[in-house]
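So this first bit is one chain, no partners, the form predicted alone, shown in structure tokens.
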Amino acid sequence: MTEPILSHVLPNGLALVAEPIASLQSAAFTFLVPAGCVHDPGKLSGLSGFTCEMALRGAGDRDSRQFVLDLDNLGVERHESVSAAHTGFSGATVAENLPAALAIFADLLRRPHLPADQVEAGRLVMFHELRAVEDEPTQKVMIELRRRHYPEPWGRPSQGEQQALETIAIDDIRGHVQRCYHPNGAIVGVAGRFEFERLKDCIGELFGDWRPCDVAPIRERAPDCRYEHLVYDSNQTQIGIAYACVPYRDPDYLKAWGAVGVLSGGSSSRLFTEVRERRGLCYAVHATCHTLRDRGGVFCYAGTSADRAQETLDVTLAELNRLAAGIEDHELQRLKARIKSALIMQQESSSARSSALARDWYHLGRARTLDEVSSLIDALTCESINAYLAERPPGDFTFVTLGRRELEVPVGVS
């Protein structure tokens, strides 16, 4: 039986959501600040990622080197990321070091140095990340697929674009912090061994006087087309297919997620069995659910040889369309067994739980315990999933291919 999840919202809007796990000796935290790449000005694509990189180069009374040394001395394993909606900073350490680690990250969020003399070093890091995408065709095709599937700016890549990265200056970075690094809309998830009242007091001391800011509305623009081919000189062809899905906050999300789990979850899934194992068409094939706050998508990928690319696309698309006919009980039972194993492992990871708590709060306005998630999974039936699929069958696909030649996509897609 998991312990209850506790929460507290500061007057400035910062939300603390925490799950004590007495069996652990560690504690982990995840900060989500509303500074994702949807907030990048149109001509400064990559500003959020560049700002994240620069925020790590000293904060409070620590220069760049001391910032890293102090985290290392506390044994903090950290991670940073930029998504459409958020910039995320997370860390995990032994429980007794949690307050000190939170204090360092409070400086990072509220008092980053953003040193002008390190902008060019930060720019080189961003260039390296961008070139890594260019050198990885799988990632490149899926980035472009998200851009084509979601309305602008929700499909933007966090890596940015070469021309924009070349022009970003320190004033742009500092302006981004002033506009987007604020407590209203920010979330901190904490999981592991801690005493909640002390944690709440600590968060209040570190962030209670952080002043909220006005938030500018996001203007959306529909994607230009539903099929894009990227010319790439290779003997391989990368195929991306996307279609709309309900978001995580929708009551039907787990039904959609269960259907995709049958489609692509392990070596017994439909895509793996039909496209790779039986026909030998590709070396990789999978599909995943992706969610924004108000919309979602299912993103499918297949990597194959150029001479078998058209057949791979056709067979993959046929499996997506066949999903509308429903799933079978034995498929659902295999999926449930895999998920139960994953839930058990998540309970043993304070980092995984802190991330899940922050994510849940953003999407749902509350956090689910693992017991609740387990009950929701148990409640899934073939009848409920098939009813969802009958109402929302895969369709209206977006396609992106990468290789030497374009492929034929269904009539009506342009």
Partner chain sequence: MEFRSHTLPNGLEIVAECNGEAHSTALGFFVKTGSRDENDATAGVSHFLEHMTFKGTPTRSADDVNREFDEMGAHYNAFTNEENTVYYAAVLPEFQDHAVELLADILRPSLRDDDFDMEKQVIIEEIHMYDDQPPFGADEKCRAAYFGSHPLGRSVLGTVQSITELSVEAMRDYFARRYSPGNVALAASGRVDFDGLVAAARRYCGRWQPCADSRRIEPAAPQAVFQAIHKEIATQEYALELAEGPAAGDDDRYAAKLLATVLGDDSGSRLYWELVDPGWAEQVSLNHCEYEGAGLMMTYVSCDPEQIAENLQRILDVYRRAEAEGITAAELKTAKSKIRSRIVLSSERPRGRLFTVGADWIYRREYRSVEEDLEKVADVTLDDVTAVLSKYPLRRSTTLAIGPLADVCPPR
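Remember, it's a predicted structure, so these values are computed and weren't measured experimentally. Residue numbers count along the first chain shown, from 1.
One more form of this protein exists, namely the form predicted in complex with the partner chain; it is left out here, but the text below deals with it.
Shown alone here, Arg368 lies farther than 4.5 Å from the partner chain in the predicted bound form, counting heavy atoms only.
Residue contact with the partner chain in the predicted bound form: Pro99 places no heavy atom within 4.5 Å of it. In the predicted bound form, the partner chain stays beyond 4.5 Å of every heavy atom belonging to Asn386. Using a 4.5 Å cutoff between non-hydrogen atoms, Arg198 does not count as a contact of the partner chain in the predicted bound form. Screening 148-156, 219-227, 72-80, 250-258 for residues having heavy atoms within 4.5 Å of the partner chain in the predicted bound form returns a single hit, 72-80.
Note on contacts: among Gly204, Pro115, Gly266, Pro212, the single residue with a heavy atom within 4.5 Å of the partner chain in the predicted bound form is Gly266.
Scanning Ser90, Thr304, Thr316, Thr87 against the partner chain in the predicted bound form with a 4.5 Å heavy atom cut-off leaves one residue, Thr304. The three marked residues, Pro137, Tyr283 and Ser350, each reach the partner chain in the predicted bound form, with a heavy atom inside 4.5 Å. Heavy atoms closer than or equal to 4.5 Å to the partner chain in the predicted bound form belong, across 90-129, to the residues Ala92, Thr93, Val94, Glu96, Gln118, Ala121, Leu124, Val125, His128, ordered by sequence position.
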